[in-house]
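Next up, structure tokens for two forms of one chain, structure 1 and then structure 2.
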Structure 1
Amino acid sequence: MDLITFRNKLFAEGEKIGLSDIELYYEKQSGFGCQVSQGEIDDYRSSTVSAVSVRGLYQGKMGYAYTEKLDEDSVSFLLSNLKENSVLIEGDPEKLFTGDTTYEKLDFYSPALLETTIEEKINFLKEVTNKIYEYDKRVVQTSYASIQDQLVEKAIFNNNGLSLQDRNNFLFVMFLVVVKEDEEIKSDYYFKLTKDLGAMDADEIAKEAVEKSLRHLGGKPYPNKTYPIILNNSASAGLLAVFSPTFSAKSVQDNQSRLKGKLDTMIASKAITLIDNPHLPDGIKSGTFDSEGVPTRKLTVVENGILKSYFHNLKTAEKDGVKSTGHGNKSSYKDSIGVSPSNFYVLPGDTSYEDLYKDFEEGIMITRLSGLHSGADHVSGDFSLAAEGFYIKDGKILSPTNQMTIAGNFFELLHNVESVGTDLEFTPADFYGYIGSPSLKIKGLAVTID
């Protein structure tokens, strides 16, 4: 049964049995993934999953149900389950969005990716992998070499007239390159996302991936103390990702954020502006409406250090007496509505990467952080993380350091940002959204070097 026919039948049957405010949420995810090891395909996945979830009011209480089948029997199954679990759910029922006239007419879908064959994707991955080994004799392994693409289609309908559809697709490659010199072994990840495989250069990717790992060879010990820091773009994006829940109105209302009561106050240095842009052309999380059907829009969360807004869904917005910011989010069709950013990033400054540290008499550049999920507390802001990077002397990178541990507090770090680079980079998509940052110049962090 096609989606529109299914919707019409669901709404008609639902109203017959006394349901009101019925909503149908549709999600389709198609993806291909492949890993290569020793020049051969090691893992291969291709899948398409279509599913719907429904919620609606029955005798004044909201019920929920979902299924991966769109057929006649599923209509009865959904309505029956919705009625049954509505009596079990405590609390005030959620309200459905009735619609808006301000939806942007945008399409984040790339036809070029649809036209790219699986064979072309596999061949490209093999080509880059071979060039990685050819680039430098110190490369001993690509312990992870993967290409993945994904197409996400979403739609929301309700019996109050709301009818929305959206789609987005993207492709990325990721490599973990292991290099060895004498008895020293180092590695680093390389990630690159595109909407057009034809625009990716295999030679350039191989060079960047290998050089990223080679730069860590020759690490040396340095004194343990508080250093001025350059937190490079990928490291600062990873740190922002872990602490992004603190900007959620739900976290604030649940007393799980130190930003409670901080609206219109200075929570960072003037160099920091935080933007959430759901209309970013290449954004993995781009879309014209959120999981409740609320129109999305570009949102300034922090402006020149001042907290201007939290992320809101309909429920948190009603509680605070404001409008939803369009950040209602379902991680999947099975989940309830939460709050999450889309494409959330630090606005780039006007200082080049090299100029960020040119006045350092002595300092540390952090290029990679580990243990972000276990070594950071997004409520208190405290973190203690394993790190890799470089020692800077008289404005120049002198050498890699041995393994480091950095410790500090995220909220204090925001206040201690002196300059923001121009080199915006995004993390791979994860639970927190698509998070990005340029490199940041920090007044100081406690650094312990093994």
Structure 2
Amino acid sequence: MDLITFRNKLFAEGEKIGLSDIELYYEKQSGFGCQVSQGEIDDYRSSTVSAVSVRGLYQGKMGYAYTEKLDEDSVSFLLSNLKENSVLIEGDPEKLFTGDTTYEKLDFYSPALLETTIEEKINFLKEVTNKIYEYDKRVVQTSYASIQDQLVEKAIFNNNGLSLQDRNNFLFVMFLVVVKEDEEIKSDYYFKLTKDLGAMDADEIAKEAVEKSLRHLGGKPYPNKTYPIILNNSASAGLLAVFSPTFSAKSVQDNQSRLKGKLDTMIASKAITLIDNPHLPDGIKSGTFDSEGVPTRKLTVVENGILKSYFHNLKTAEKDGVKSTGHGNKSSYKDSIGVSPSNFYVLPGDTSYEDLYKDFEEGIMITRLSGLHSGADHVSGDFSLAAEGFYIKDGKILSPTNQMTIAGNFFELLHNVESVGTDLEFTPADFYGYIGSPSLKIKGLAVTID
């Protein structure tokens, strides 16, 4: 059944069973992904999945249901589940958005990507992989070498006349290069996103991917103590990602954020400005409306250390007596409306990378954090994370370190940022949004070295 026929049938049947407001949310994802191993394609996948989810007000309460099976029976499946879910729901009422006449006219769809053939993508991946092996004889293998693209199309309709459509596509490559010298094995991830494969440089990617792993060879132990820290861009972005829920008005209202009651106060050092920009041309989370249909706009969350705004959806905004900031997002069509950032990042400063640590007598540079899903508690702000990086002596990188942990508290760390680099980089999109940061110079963190 086509979407419009389905919508019309759903709205008619929904009104019949007593729904006052009904919304249909449609999402279609199509993609291609491929991995190569030792010159051979060993993983190749293509996909098309479309799904709908329905929200509706039954006796003043919002019910939800979704399905990936779009056939004649789905309408009654959706409506009966929606009704059963709605009657039990408690708490502040949720409403449907009636629409806004001012949506930005932006398209995040790249025709160049659609025209790129599967063969071109595979050849590019093979080319980069070959160059990775040629670049340095210490390269043992690429334990992960992948190219993936995705096209996401969304539409929202409701029975108040709202009708919106958006689309976004992107392509990325990801490598995990394993290098070995004597008995020491090291590896690191490399990620790069584009809207135009033609703009990717195979030599440059191979070089960067290999160098990222090679630099970790020769790890040494150093004493456990509190060191001044350089948190490299991707490590810093990873940390901001896991703590991003703390900026949501939902977390604040649920007593799960230590930023409660902190609007218009200093929550970070003056060096920190946090921006959410849903209109970034290359943003994975770019779009002109959120999952409630509210127009998106650029938002300054923290300005020179002062907390200016939380992220809001319609429900949290009403509770706080403000306007939605356009962050009413669903993690997928299976979820209900929550609050989350779009493309959220630390505004770059003006200190060059080398200048960040040139005055260190002694310090640690963190290039990679792991265990973010388990070692960081976004409620308390406490984190204790596995890390990789370098020991710095007299303003120069002396050697890589053995595996480390760094421990601290995110809210304290925000105050301890002394300067911000120019090298803004985003982490691969995930559950939290598309999150970016430049490298940060931090006063001190407790470091344990294995």
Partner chain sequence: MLNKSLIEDVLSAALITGGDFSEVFVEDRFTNRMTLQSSKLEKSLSGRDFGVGIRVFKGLNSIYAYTNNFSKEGLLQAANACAQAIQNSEEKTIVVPLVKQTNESIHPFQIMPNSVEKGRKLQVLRKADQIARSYHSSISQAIIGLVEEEQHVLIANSEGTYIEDTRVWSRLAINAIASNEHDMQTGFYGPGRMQGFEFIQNLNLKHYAREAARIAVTMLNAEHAPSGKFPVIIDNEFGGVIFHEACGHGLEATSVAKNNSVFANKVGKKVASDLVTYIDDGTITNEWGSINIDDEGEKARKNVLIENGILKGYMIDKFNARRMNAESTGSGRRESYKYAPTSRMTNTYIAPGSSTPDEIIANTEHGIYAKYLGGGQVNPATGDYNFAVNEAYLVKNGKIDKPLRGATLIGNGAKTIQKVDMVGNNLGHGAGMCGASSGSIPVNVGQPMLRVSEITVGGREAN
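Predicted, not measured: the structure shown is a model, and the values here were computed from it. Under this definition, the rigid core comprises the largest set of C-alpha atoms superposing within 1.5 Å between the forms. Here, residue number means position along structure 1's sequence, counting from 1.
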| property | result |
| --- | --- |
| Structure number of the form predicted together with the partner chain | 2 |
| Large Cα shift (2 Å or above) at residue 68 between structures 1 and 2, core-fitted | yes |
| Core fit, then residue 58 C-alpha moves 2 Å or more between structures 1 and 2 | yes |
| Threshold 2 Å Cα movement between structures 1 and 2 for residue 438, core superposed | no |
| Angstrom displacement of the CA atom of residue 19 between structures 1 and 2, core fixed | 3.4 |
